[in-house]
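Shown below, as structure tokens, is a lone chain in the form predicted alone; questions about how it binds or moves come after it.
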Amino acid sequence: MKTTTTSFSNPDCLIIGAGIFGLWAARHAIKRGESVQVVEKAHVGNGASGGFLGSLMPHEPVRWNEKKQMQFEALDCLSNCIAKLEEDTGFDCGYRRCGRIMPLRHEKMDFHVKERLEGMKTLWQGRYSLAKYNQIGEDIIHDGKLVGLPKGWVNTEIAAYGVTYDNFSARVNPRSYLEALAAYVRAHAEINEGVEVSAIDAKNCKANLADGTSISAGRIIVANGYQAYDLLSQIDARYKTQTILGQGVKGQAVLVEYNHNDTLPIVYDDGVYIVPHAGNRVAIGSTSNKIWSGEKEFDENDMSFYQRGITAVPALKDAPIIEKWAGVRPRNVIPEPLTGKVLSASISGRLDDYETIYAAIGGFKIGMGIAHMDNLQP
């Protein structure tokens, strides 16, 4: 890791933050022929992108809006974007469109299921399917192939009214994904780790560093997660007429070892994600704590998500925990002008009052699935 700064080039594009948004922004800029430099306060994947959950789940096909349409389009094209990244780098990102099971705990959920089944027909454009199964033992078909569920992968007691299954949901290994992106960027540009930006001189398109030096650039993209809020507040940053406001929300997850053949679907229940990964790994998460301390300190007293996870998937009850993760995700909290309703959609584009300053801050819980969208063209 580089910990000092002495001299820098004057790139066409300077990107602050080497997480999933910053590295995708760098890849797109490189593809457009821009000279690129990425600066990162700590190291690649130090923030929320560096976990291991990797769940890529679509919004339910009801009460559709611009945010849900954007996420649908992003998830729809992600497989091709990752395939091209893997082709360019030779890395495996651990991506698989694995599908998702959601247990139906209550009879009243039947109305919501019917609503989703009807909405899926048009909103998912016939490209993906959602189905209801009255019993877990019924044959679940994923893209023409039978999905065989081992005993205990879904708790029959919590699925008293069956399950829904969609073949749209997917998973990716976040760390492998970041490694591939970083390898591509390093092959064509600079990533300088251990470099902290203390302020942005928006008028002169310059990043002032904590060591007293500065970097001038043709344009600057701020993509350093929840820390972007403080940085952007210094220049009264606005996006689509609204002041950029947000907070860091802490999440936790655990990784367990469980022998499987990597054909299993995600299970989502009671706010918990159970995500099977290659290499006999399964991730269970996560929490959403607005009040927190210790960005990366795992709170052993906040393990209820794990208990809910092994209740949903009893097969994991005795699976050893091999890693615990904690990190802080950005959540945009911009009030809607007319209603005052807080919006948590992603921010990706040029700031209103500055020709050369851009922001890329992920939508809460969906950042991993939308970061590849190219919305930061100069």
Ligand SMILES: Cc1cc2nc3c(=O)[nH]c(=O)nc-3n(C[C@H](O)[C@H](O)[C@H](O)COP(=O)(O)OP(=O)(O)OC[C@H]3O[C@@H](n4cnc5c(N)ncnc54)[C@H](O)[C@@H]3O)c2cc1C
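Note that residue numbering follows the sequence shown and begins at 1. Quantities reported herein were computed from a predicted structural model and do not represent experimental measurements.
What follows is about the form predicted in complex with this ligand, which we do not show.
Asker: Sort through 81 to 89, 119 to 127, 223 to 231, 149 to 157 and report the only stretch with a non-hydrogen atom within 4.5 Å of this ligand in the predicted bound form.
Answerer: Heavy-atom contact with the partner occurs in 223 to 231.
Asker: Is A29 one of the residues lying within 4.5 Å of this ligand in the predicted bound form, judged by heavy atom distances?
Answerer: Answer no; every heavy atom of A29 is more than 4.5 Å from this ligand in the predicted bound form.
Asker: In the predicted bound form, is there a heavy atom of this ligand that lies within 4.5 Å of any heavy atom of P11, even though the partner is absent here?
Answerer: No, no contact at 4.5 Å.
Asker: Hey, in the predicted bound form, does S35 get a heavy atom within 4.5 angstroms of this ligand?
Answerer: Result no; S35 lies far from this ligand in the predicted bound form.
Asker: Please run the contact check for V313 against this ligand in the predicted bound form: heavy atoms, 4.5 angstroms, yes or no?
Answerer: No.
Asker: Quick check: do I101, S176 and D269 each get a heavy atom within 4.5 Å of this ligand in the predicted bound form?
Answerer: No, none of the three is in contact.
Asker: Of these, I274, V163, V195, V185, which has a heavy atom no more than 4.5 Å from this ligand in the predicted bound form?
Answerer: Checked against the cut-off, the match is V195.
Asker: Where, within 299 to 328, is there a heavy atom within 4.5 Å of this ligand in the predicted bound form? Residue list please.
Answerer: Sequence-ordered list: W325, G327, V328.
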